[in-house]
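Below sits a lone chain in structure tokens, taken as the form predicted on its own.
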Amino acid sequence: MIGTYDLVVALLSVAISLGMVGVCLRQKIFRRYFFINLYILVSAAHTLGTLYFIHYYGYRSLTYFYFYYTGDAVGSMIGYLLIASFFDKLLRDSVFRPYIRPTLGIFFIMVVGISALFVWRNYSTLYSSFLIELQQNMFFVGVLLTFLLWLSMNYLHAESRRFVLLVSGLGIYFSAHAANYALQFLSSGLKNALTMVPPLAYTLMVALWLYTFWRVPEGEAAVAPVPRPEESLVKVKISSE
């Protein structure tokens, strides 16, 4: 049976997710943020499906295992597309934009290939081993790409507070999952406690996104513009004259 904590967090995340999609539909920005909404809807469906399979088949059943990890792999791929869309949006006026999609596409193929390479000898459990390996690698890649997004935003001085908050939500989610996997490898005794972290991180991410779409206007600046040194020098000269 599913525990009270897991059930409450799961249902809360679904409720917040549907609320966020509803806000996007009301503001008529669903298509503008298509990959976010697609990711949220797929994740909500996966959460509800997981609750169903746990209730009727149990944690230890193969039916639950294949549904959970296959759905999680699909969600991770959509999350990868979401990160790619953020890069595309951030670098829309940059000379690097034509190279973003091919680079991320090649990177994704490399991740899938590396995941398959690690498990190709386990013929009896090839599919299940591949799903687990791919899921872990996708979370670590998500952390890396989110970090690169932050570096790019700082370098390019991203002006949209909404964009900054959306990327922050991704950082919370992927960092929690990557840390969860890393700590489980270091200490098996923490496994039960660590399994409580990823669902909470996802709920926090969706709650942050709901707040962002509901309360943060599209054109609101992230920070007050800081003049460059040469701009300050010009202003000083003008004022002295």
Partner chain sequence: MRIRSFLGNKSSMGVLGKMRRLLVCLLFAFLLVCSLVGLKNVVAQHSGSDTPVVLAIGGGPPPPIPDLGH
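Numbering follows the first chain given and starts at 1. Here the rigid core means the biggest group of C-alpha atoms that line up within 1.5 Å when the two forms are laid on top of each other. Here the structure is a predicted model, which is why all the values come from computation and not from measurement.
Omitted from view is the form predicted in complex with its partner chain, to which the following refers.
Participant: If you check in the model of the complex, do Gly71, Ser129 and His177 all have a non-hydrogen atom within 4.5 Å of its partner chain?
Facilitator: The answer is yes; Gly71, Ser129 and His177 each reach its partner chain.
Participant: Spell out, yes or no, whether the shortest heavy atom distance between Phe86 and its partner chain in the model of the complex is within 4.5 Å.
Facilitator: Close contact is absent here: in the model of the complex, Phe86 is far from its partner chain, nothing within 4.5 Å, heavy atoms only.
Participant: Using a 4.5 angstroms cut-off on non-hydrogen atoms, would Gly169 count as touching its partner chain in the model of the complex?
Facilitator: No, Gly169 stays farther than 4.5 Å from its partner chain in the model of the complex.
Participant: So in the model of the complex, does Tyr33 come within 4.5 Å of its partner chain, heavy atom to heavy atom?
Facilitator: Contact check for Tyr33: no, nothing within 4.5 Å of its partner chain in the model of the complex.
Participant: So, in the model of the complex, is Trp120 in contact with its partner chain at a 4.5 angstroms heavy atom limit?
Facilitator: No, Trp120 stays farther than 4.5 Å from its partner chain in the model of the complex.
Participant: Here the chain is shown alone; which of Leu204, Leu183, Ile29, Ile54 has a heavy atom within 4.5 Å of its partner chain in the model of the complex?
Facilitator: Among Leu204, Leu183, Ile29, Ile54, a heavy atom within 4.5 Å of its partner chain in the model of the complex occurs only for Ile54.
Participant: Looking at its partner chain in the model of the complex, which residues in 44 to 65 have at least one heavy atom within 4.5 Å of it?
Facilitator: Contacting residues: His46, Thr47, Thr50, Ile54, Tyr59, Arg60, Leu62, Tyr64, Phe65.
Participant: Superposing on the rigid core, is the Cα displacement of Thr50 between this form and the one not shown 2 Å or more?
Facilitator: Stays below the 2 Å threshold, so no.
Participant: Core-aligned, does Ala178 move its Cα 2 Å or more between this form and the one not shown?
Facilitator: Yes, because once the rigid core is superposed, the C-alpha of Ala178 moves 2 Å or more between this form and the one not shown.
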